[in-house]
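Take a look at this one chain, the form predicted alone, written out in structure tokens.
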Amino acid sequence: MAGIGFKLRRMMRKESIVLDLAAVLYSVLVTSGPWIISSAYLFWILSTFKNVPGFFLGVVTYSFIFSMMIVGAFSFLLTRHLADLLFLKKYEEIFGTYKASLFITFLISLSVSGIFFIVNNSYTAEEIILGMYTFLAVSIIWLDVVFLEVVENYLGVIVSFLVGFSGAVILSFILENRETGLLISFDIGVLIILFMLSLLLFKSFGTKGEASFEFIRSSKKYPENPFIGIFYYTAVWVDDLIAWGFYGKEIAPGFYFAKEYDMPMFLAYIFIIPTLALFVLLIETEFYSDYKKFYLNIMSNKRLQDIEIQHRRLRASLTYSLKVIWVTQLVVFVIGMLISPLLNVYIFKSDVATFVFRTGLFGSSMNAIFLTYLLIVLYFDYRNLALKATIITLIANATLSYVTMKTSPGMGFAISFAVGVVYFVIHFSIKNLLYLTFSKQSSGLEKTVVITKKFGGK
């Protein structure tokens, strides 16, 4: 995401309130645009149509959740490999990497959706085709977004989502009387998004180059990255899977939905948007500038005194950014807690759902802070620390959610990410960054053999 910092800095250097607000809005769109548009579409469907088919709701919900888990599983490795290609200026290899990752995503998504419909053998051929297509298409969309963010084509991604879901809205009125009409309209909208994203990809990377699975082989260099992705995204969703077992109702064969848990938890996540936007605004501007200067000083063999000065600036910049993010998320959390009674009266109409919203609000706030630390930790290549934090959070969420779900739903999610944040706060520091950076480098000495001999029988 480093390239976005240049655009934001240009806006904020003008010292204009309008441009500052534009920078904030741009950050929101970059971090949450597709998510906001997708969520707005689903809310519109649920509020406009009285009888939304359970099959539609199940397919769309499951497609979003499990496709994110599949693509997220190798996204940390993939984005690291793409960053290396950009740094080495090997632009011609990017499309080959895309073809390989597309093949893997397609194969996994096809297998998962195929197994699901084999196990739940209660659907017509039309429903199976529509369900499998939805899952495949949504998975590929997330993959396309990862690659388009490499070239910072955020506006193109957002326009694609707007056009696609606008088409789905129009078609839903035309096809609403059909049993699978809503899903067909959604799938056509998704097809429009896929088509537009593909055009943007071809324009950015061309269409030449054989499929390159080099990013898989790079796991030898970054062995922790795939597991960081798997453990993090599983940690985010595992409590939902457990909630389906306690509160879920089967809205269609094989599809479960826990309204009193899923809806308030979903609304709670909306309150992390300001933090995500601030992360981009702060980390990708001043912090990234100091971060880049620090490593350029090292690569340019600058004097130790100059490197240490830049190191102090980097620490000050990071400390300031983290403080602002902490305070902002705290303010947003308090606002969410204050309006929770109103949400209970007009939306939830359930004490259980309101309790879930409040615990979910705390948990999602902790998740926003956790994700901030996770990304910063990976900036400095502290992969082992990131791996341990995600493992601890996943185990804590799975265990605590199972134990507390019946009596205190959402509490396991809240506590587990708070534990993850505490772990980062205790163990993450860039105080010794200078030593760690140099100690990782090769000494440049040739490997040799040391021979020891005894003299005089000793």
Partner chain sequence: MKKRIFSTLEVVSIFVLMFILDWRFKLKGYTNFTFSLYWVFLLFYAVRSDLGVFFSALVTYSVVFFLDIKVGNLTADKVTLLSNVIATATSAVIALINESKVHFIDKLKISNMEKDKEIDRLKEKIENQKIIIKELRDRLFFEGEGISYLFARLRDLPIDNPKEMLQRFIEIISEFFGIPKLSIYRFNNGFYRFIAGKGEPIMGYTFKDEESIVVKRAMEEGVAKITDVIAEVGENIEPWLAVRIGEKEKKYGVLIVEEIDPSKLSMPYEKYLSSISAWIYGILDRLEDYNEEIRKKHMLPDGSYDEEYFKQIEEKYKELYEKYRIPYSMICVCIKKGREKEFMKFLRQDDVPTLIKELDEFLCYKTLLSTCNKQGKKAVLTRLKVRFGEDIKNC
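Numbering follows the first chain given and starts at 1. Just so it is clear, the structure is predicted and the values come from calculations on it, not from any experiment.
There is also a form predicted in complex with its partner chain; it is not shown, and the following applies to it.
- Judged against its partner chain in the model of the complex with a 4.5 angstroms heavy atom cut-off, the residues Y91, L162 and G167 are out of contact without exception.
- Shown alone here, K259 lies farther than 4.5 Å from its partner chain in the model of the complex, counting heavy atoms only.
- F106 falls outside the set of residues with a heavy atom inside 4.5 Å of its partner chain in the model of the complex.
- Of the heavy atoms in E286, some are within 4.5 Å of its partner chain in the model of the complex.
- In the model of the complex, at least one heavy atom of V327 sits within 4.5 Å of its partner chain.
- Residues within 4.5 angstroms of its partner chain in the model of the complex, judged by any non-hydrogen atom, belong to 338-346 and to none of the other stretches in 122-130, 338-346, 241-249, 215-223.
- With the partner omitted from this view, the residue of K388, K99, R313, K292 that lies near its partner chain in the model of the complex is R313 [heavy atom within 4.5 Å].
- Comment: its partner chain is not present in this chain, but in the model of the complex one of F87, F173, Y320, F195 has a heavy atom within 4.5 Å of it, namely Y320.
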